[in-house]
Each structure stands twice: as C-alpha cells, then as structure tokens.
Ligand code: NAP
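Shown next as structure tokens: one chain only, the form predicted alone.
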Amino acid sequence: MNSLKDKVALVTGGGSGIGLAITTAMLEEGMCVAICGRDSHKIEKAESELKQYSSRLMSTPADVAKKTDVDKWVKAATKQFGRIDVLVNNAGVARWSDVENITDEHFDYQLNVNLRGPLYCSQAVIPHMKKHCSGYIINISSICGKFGFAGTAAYSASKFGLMALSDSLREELEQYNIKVTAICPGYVSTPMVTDAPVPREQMIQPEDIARAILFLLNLSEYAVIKEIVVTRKGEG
C-alpha cells in the first residue's frame, strides 16, 4: 500500500518548472495537491496539463509575498482537502547583479519571495500540522544558500536566510513530530537559469528534485534529514 496515497501537500510556485514536476510526481503517487503561483496563466496551463487529476488538484493564483494571499490559499486548501500533511516552499525568483548595483527594489523583490514567502506559508500551515502532530515542511533553497558567488549577493542572502529559517523551524517543530528539510540544488533546467554557463542537457532536471522529495516523504518517521545538496555529475 502506498503510504503517500491521500496525503495532502501544498506546493508554492506549482505552475511550472520544479514546482510543476513536484506536483506531477505527488499526484502520480495518489496525493492531493494544492498549488499556487502569481502567474494565473501558468496556473491555468498546469491545471489543464494535469486535468486527469482534477479531483485531487486545487490551483489558486496567489503571491506568497503577500500574507493575505497565503492565508486565503491555505484556508481554501484546508477546506477542500481537510488537512495539510506537506508544505513545499518552492516559489523563488532570482536577479543577478554585482553588489555595487543592487537596488532596494532588486533586494526586496528577492527577499520577499524567497524568504518572506516561506515564512508566511510556514506560519499558515503550522497550526494545522500541530493539530495532527505530524507534517513535513520542505524548503527549496539553492547551492547559493550554502556559498556566495559573484553576482548572486541578493539571491544568496535570501537563500542563506531560508537555510536559517529551516534550522529554526526544525528545532521549534521537532516536539510536534513535524520535519523540516532544505533542498539545495545547483543549476536546474528551468527558465530562471536561461543565461547560465551550463548547457541545458547537463543541468539537474526538475524531476530530479521531485524524486528527492518523494524519497524524503517515504522515510520512516524516525529518519530526519536536515538538508540535501543536489549537484551535477562531477561537481560537489
């Protein structure tokens, strides 16, 4: 019997890229999934692509950087599916710039989505997970959350912050049997890395991240993994 069947997951940025791959993998496992994203067209396209799972998929246009949007989304998902077992904080943005030219808008944009978003989403689901004394929060960070690189200062700051948030959540929620893991990928083949100095065919695939998440969710309740670093062959 599949232990993930009928479990309920929330996935931010679920309309494309890594989020869509995660959503697809979860639905194929028999899970119920609520996705959100700022781009309503991407959300609608994802819903169309996954229409065979319509009874187990809920899609909502929402900006994770806005607490009211997050609260409405989580409330709607709970009403439809009855509980929340998993939260994947996947939504993320990146703008590359040398430190000297980082603007307030540039910096705030990345902090709001990459760090404030996971905070708001975690705050919204924690009471539901505490109620059942179980749950899993998975934060999609980055190799830039482990190391700073030229041109990535603002992005790295947001992802380093997400790693710290993950650590704090893990410590606070352990007593409620709620796990927290951060996944730190290198280059993943998504539109975000269009200008990357790595050929697409040599990048990590979104499906690789989805498989890593299913691996985590299938672990026994006694196994705790703090973080997973995913790099290309020959790196790391």
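These numbers were taken from a predicted model, which means no experiment stands behind them. Residue indices: 1-based, along the sequence shown.
Not on display, but discussed next: the form predicted together with the ligand.
- Site annotation in the predicted bound form: the residue of 56, 67, 170, 38 reaching within 4.5 Å of the ligand with a heavy atom is 38.
- Shown alone here, residue 29 lies farther than 4.5 Å from the ligand in the predicted bound form, counting heavy atoms only.
- Interface residue remark: residue 138 is not counted as part of the site for the ligand in the predicted bound form, having no heavy atom within 4.5 Å.
- Using a 4.5 Å cutoff between non-hydrogen atoms, residue 208 does not count as a contact of the ligand in the predicted bound form.
- The ligand is not drawn, but in the predicted bound form it has no heavy atom within 4.5 Å of residue 115.
- In plain terms, the part of the chain that comes close to the ligand in the predicted bound form, with a heavy atom within 4.5 Å, is 88-96 out of 146-154, 127-135, 75-83, 88-96.
- Residues of 156-178 placing a heavy atom within 4.5 Å of the ligand in the predicted bound form: 159 alone.
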